[in-house]
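Only one chain comes next, encoded as structure tokens, the form predicted alone.
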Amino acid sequence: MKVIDFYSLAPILGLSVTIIVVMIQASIKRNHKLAWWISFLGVTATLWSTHLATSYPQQVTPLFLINPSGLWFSSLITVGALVTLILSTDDENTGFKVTEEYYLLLLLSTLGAVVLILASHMASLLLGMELLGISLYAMIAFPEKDPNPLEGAIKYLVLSAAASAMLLFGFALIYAATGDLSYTGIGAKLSSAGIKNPLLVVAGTSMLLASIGFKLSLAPFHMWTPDVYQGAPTPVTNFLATVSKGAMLVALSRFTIDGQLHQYPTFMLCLSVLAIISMLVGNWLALRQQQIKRLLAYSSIAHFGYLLVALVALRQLQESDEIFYSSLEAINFYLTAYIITSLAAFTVIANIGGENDPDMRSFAGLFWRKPVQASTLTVAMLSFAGIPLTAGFLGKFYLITLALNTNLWLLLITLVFGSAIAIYYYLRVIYTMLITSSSDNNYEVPLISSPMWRDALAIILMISVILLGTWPQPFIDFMRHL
């Protein structure tokens, strides 16, 4: 490898060095505060290194493609890891004793997400996915005295192991059909392989899509999502909803585009079916939820169904290059808006809700008790619902415009119908924060102290959601250069 390759791989190398330093520190002197500061500085340095690597875009070995789009999402999920790290500092709010191993698992998961985003080969895709997933199992189960996280971790472990097995078998079938495991190599040979070995290609891509659908919790592969969201500590739920799912969606997008899978009507039909089912099931089941983390779990199923609309639109690529760039802009904007909005929502939940709240009654009267936290959660709910002047509104506007331009009428109707349903349960959260008492509310609201830095974090994320919705042009110009 040349020196320039190391500059391109700076985000991966930065996280790897931080992991090694935390391991050495933990073996010499057990001090979780020191481990936190090492992790914080390492993640911050990784965030800076993504900017450094933008000057050296290139293919680094067959495994990694370093480009501006991949580096942007690497920086975004690094911000998600940084917020998770900040939310994990307070034992009172996290509900478990944080030790050096927790920070090590967090860093390993973040490294897996970065590898997943920058992957251009099935080997690096599998490496990133497993590094991310295996670390997440332990993070979910980290509160050793609470049975709920353990239950969530076991469910995630068993189902994720089955998904990984399908992924490996799918890789084997695709390799048997094409003789290649790089994204571009598969794209170049898949057409001829589909003629010679159609059964291998169909079975391999089906297994691959099912495995990725599990990681994204697309319906009908979503059954683990509400239990894991509710059982995991809130900082870990935040990490799972933003870093893990965001990295997996980027990996699916890159594989679809580089592998030219948009050329195959059957594959696009499968994505369309998954999108429709996810939008309907996610929003319908969210209506029935009283626990806010379960509500956001089902909501996330719908949001990733929305994102699949932009991928399905790629089937029009042969007719217009403009559609291709519009699809990329829609994916980039909506995923960015979703991650920032989720960070804002889970920050407030971590600050207010605690870990054992049976339902949303713990948020009753929040506007009068903690106006900063309530305002942030309100903006996040409005953004999820797609209300104007928020980032979520422009994200849905991108998707609706794209669906109109590509004549995806069934997907468009489902998207609009699902968004209309979602407005009810998002506004229900806001209404709960406004009311001060009710006849059936005998729940004792926990009064968890909120340090100033937690309010500052909530304000920063709230402003980010509003800025992205009211002054989007700088970000749109930035996206067009990715």
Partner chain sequence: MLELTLFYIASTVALFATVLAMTRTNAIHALIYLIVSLLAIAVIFFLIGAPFAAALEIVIYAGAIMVLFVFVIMMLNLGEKGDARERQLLQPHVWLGPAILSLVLLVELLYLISTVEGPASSGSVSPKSVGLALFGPYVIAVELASMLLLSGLVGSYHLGRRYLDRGL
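Computed from a prediction, not measured in an experiment: that's the story for all the values here. Residue numbers count along the first chain shown, from 1.
One more form of this protein exists, namely the form predicted together with its partner chain; it is left out here, but the text below deals with it.
- Figure note: of the listed segments 158-166, 251-259, 108-116, 194-202, the one touching its partner chain in the predicted bound form, with heavy atoms no more than 4.5 Å away, is 108-116.
- Among the residues Ala172, Leu127, Val273, Ile86, the one placing a heavy atom within 4.5 Å of its partner chain in the predicted bound form is Leu127.
- Of the residues Ala422, Leu63, Leu415, Leu457, just one reaches its partner chain in the predicted bound form with a heavy atom at 4.5 Å or closer; this is Leu63.
- Every member of the trio Leu104, Leu131 and Phe142 reaches its partner chain in the predicted bound form with some non-hydrogen atom inside 4.5 Å.
- Under a 4.5 angstroms non-hydrogen atom cutoff, its partner chain in the predicted bound form has Thr99 among its neighbouring residues.
- For the chain shown alone, Ala138 is a contact residue for its partner chain in the predicted bound form, at least one non-hydrogen atom being within 4.5 angstroms.
- None of the heavy atoms of Leu468 is located within 4.5 Å of its partner chain in the predicted bound form.
- Arg294 falls outside the set of residues with a heavy atom inside 4.5 Å of its partner chain in the predicted bound form.
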